[in-house]
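Okay, so we've got a single protein chain in two different forms coming up as structure tokens, structure 1 first and structure 2 after it.
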Structure 1
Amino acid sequence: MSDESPTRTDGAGETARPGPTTGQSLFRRVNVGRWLFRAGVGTVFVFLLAPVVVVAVTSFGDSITPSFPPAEFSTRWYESFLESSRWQRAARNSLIAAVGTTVLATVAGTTAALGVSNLSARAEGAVLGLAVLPLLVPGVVLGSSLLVFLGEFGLQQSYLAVIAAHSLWATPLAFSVVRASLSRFDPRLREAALDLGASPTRAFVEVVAPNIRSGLLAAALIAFVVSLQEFVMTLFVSGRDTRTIPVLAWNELRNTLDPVVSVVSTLLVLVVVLAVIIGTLVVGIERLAADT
């Protein structure tokens, strides 16, 4: 057997020179595709971050009318925010609603995820369909329905109404995240803890929770962020004393372009970024990204 590689011959019987290798051509195409992909992703990021940058810069302007770039830089509107009782009350309301929503949505979502894991495939599919149903209903419909329903009990315009409204969207998301995290958990560990005499609560706290810690934190983080930015339903169920920052900002923008709105928008973005940083420091960026 000959070790020589076969060669092509032309019509005159002469050996033809090999052209550019297929590997080199493929490498060029892959390299061009990679740069096009990076350019596309970079364009999307610029498109998403540009409004945030503009709002953040205008919050340091000195003019009554926000402009970009500002003619003069100042912190007068941050001082105005700190001195305004209305904005301080709205910030407190947003924090109360976000913490309440985080607790309720995380507990409800985790409980539902644990319960679904013991159901048959058909029953699990039915529960999953019901779980995501609130995400498919327009916020206007949910807000008006909650206003009528809670009004029957005198709970409209209360903190409970705001937390319940936010939880309608936060709970399905928390449920999905915890369920995905539980899919990588070995249920035999929990069964072993129960066989050794642990109560269901103790088995969850000491066996299940440590193994799905990243999923629980991701669910809580999502619920917190959803509550901070939710506006449509809050507009229906909140009152004068329970208005959150998005609702108050909308009320202010109806009359004039208040520079303080740029301040509170910037602060909300910073709070979300800080929450994400804390989450990545606790469980790591890779596990947090995998569970979200």
Structure 2
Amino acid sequence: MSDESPTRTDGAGETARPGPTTGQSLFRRVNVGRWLFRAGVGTVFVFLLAPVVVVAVTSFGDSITPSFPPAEFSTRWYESFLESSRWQRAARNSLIAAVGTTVLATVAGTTAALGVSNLSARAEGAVLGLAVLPLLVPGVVLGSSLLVFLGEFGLQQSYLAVIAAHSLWATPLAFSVVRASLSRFDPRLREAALDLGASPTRAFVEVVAPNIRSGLLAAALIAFVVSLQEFVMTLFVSGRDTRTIPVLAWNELRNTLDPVVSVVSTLLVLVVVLAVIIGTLVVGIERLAADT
């Protein structure tokens, strides 16, 4: 070690600088940064949740046009929702579409997740790519293609069309959730079941399904919610008799700001909150957030 280094003149300068101040300013800068960061995250959080609060509050407003915050509160728009056959119909359509989508997407997603585990890496990649591709094609394009294609068979405004469109997005999500869940499943358990005389189907029912139950439930839940909220494709492929709540809400919004939209939105959000709570109870919010 060179104890006398004439070239290192900055060494003197360094010691001359008052040390404590340096430490303090650094400390303060970090602190300010941390508070800025927290404020930013808080703003984003408020930003994300604000719509839910806004629709819930305006749904209890009294005026003809929804405003936030409302001047007076009432439940009159809830009453008009209950009296409206159009909204009732839309709610029923949403439910039909959601149930259909849940069944279709969960079955296709689960079977594919099981089937893909045996493929070569390349084949697996191809199946994954095909499954995920619809998520990357603009909804308007998918909606248009389904509209013109199903139109050839007169199916463009059927429930089938709505369910098919919703499943286009729900299936890849269900697929990836079940796949993630299967990756945590010990394949030896299935082998043990086969070894003890269970047929592949029996082994799935007895051993695989119970152990990936939370994944299957999460997949079904996500499919259900995706269907409830999907809008763009549904706008294209649904008709007067099959339109779902988001589509009817959209139509209303384009004409007048109907306060019933707030009511319906609030109810829709409630359903979703319920679903998220169930999901959280079943698999935990962190898993739900990480797997989708």
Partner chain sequence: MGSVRTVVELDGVRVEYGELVAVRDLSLSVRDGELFCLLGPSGCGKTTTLRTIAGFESPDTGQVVLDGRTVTDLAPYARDCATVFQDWALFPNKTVIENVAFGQKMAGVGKTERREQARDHLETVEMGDYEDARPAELSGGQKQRIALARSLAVNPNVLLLDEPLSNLDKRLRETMQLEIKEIQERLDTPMVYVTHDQEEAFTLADRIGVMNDGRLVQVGDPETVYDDPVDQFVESFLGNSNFLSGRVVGSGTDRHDTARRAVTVEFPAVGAETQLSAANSLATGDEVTASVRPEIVELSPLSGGTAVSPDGGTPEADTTEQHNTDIEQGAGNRMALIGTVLDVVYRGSSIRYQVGVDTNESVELFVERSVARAPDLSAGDRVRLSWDITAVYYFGPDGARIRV
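Throughout, rigid core stands for the largest set of C-alpha atoms superposing within 1.5 Å between the two forms. Start at 1 and count along the sequence of structure 1; that gives the residue numbers used here. Bear in mind the structure is a predicted one, so any value in this text is a computation, not a measurement.
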Query raised in the report: So which is it, 1 or 2, that shows the form predicted in complex with its partner chain?
Result: 2
Query - Rigid core superposed: T43 CA moves 2 Å or more between the two structures - result: yes
